[in-house]
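First, one chain by itself: the form predicted alone, in structure tokens.
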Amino acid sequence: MRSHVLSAEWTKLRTVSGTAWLMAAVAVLTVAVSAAADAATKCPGMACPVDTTKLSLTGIQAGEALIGVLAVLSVCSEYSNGMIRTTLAAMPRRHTVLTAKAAVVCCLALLAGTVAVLGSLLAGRLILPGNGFTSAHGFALLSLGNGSTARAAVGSVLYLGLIALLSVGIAAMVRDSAITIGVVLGTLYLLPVLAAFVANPVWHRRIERYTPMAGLNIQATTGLRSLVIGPWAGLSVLAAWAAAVLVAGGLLLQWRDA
């Protein structure tokens, strides 16, 4: 990929006033929701079947919506103001343009995600012991020195990066900001709701195992044998969805008029 294409996409995105606010909102919202979940969960005795790492990363499910919005606007805003014609005139290789957009947005998502995850784990480390999650009850302080916690933390950051790529791909396919945001949010939040209403256990398992929501299994550190799909395997499912949608978006960008 040519460096000047990446530089151009970075310049366009960073000069939009909403970008910095959205990145800050990702971190603030994620940490706030995670801290609220920590504060609302108590452990009065020894039998507390709570995955404290996953609990402390609850806010990721809120922050991902803002990541999706950031990714969508990075693509669709150029269609709404007509700048996409200028962009494609300057760089006729459309797949290169989309790749550059995806790379820049993914990097921003990873940056915001790192801050959000570290802040969420810190909040859990400070709040949970006061709610009974102590060594006396079998819970160690949250620490990145713990292999499972580190895996969940790194995986959660990667999860947000993949959500950004998925959203860029959907935006390239749909091109309209409002509709694309609706599709992205529906993908992130409607599928889990629909899964809850699927009575057939086989199909329920398939929905949990083969849809983007499988990526959240990366946060689990306890009860791994009961998961319908393992942590890294679940994240791989999300990666496959992101890759497929990006390819589809790139093909449509290539075939359609700007």
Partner chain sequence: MTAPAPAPAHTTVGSQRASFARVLRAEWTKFRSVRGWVIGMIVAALLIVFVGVFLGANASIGCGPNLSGAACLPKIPIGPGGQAVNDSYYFVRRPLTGNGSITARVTSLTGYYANGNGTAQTAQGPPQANLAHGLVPWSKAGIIITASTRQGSAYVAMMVTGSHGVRMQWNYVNDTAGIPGAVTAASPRWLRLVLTRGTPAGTAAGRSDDTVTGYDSADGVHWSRVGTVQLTGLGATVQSGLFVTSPLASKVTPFFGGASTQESPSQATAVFDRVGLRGAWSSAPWTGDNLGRHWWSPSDGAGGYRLSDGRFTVTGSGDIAPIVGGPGSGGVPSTSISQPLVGVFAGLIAVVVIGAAFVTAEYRRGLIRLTLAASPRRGRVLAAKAIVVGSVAFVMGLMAAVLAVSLGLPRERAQGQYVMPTSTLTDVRVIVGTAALMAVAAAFAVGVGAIVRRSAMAIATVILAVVLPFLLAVTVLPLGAGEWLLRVTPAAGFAIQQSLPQYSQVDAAYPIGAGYYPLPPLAGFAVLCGFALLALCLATFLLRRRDA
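Residue numbers count along the first chain shown, from 1. Every value quoted in this text rests on a predicted model; they were computed, and no experiment measured them.
Quick note: we don't show the form predicted in complex with its partner chain, though the next part is all about it.
- Using a 4.5 Å cutoff between non-hydrogen atoms, L22 counts as a contact of its partner chain in the model of the complex.
- Its partner chain in the model of the complex is not approached by T211, whose heavy atoms all lie more than 4.5 angstroms from it.
- The shortest heavy atom separation between S80 and its partner chain in the model of the complex is within 4.5 Å.
- With a 4.5 Å cutoff on heavy atoms, L66 counts as touching its partner chain in the model of the complex.
- Of the residues M173, I181, C106, I127, just one reaches its partner chain in the model of the complex with a heavy atom at 4.5 Å or closer; this is I181.
- Note on the partner interface in the model of the complex: the residue among A112, A153, A100, V72 having a heavy atom within 4.5 angstroms of its partner chain is V72.
- Looking at 235 to 252, no residue comes within 4.5 Å of its partner chain in the model of the complex, counting any heavy atom.
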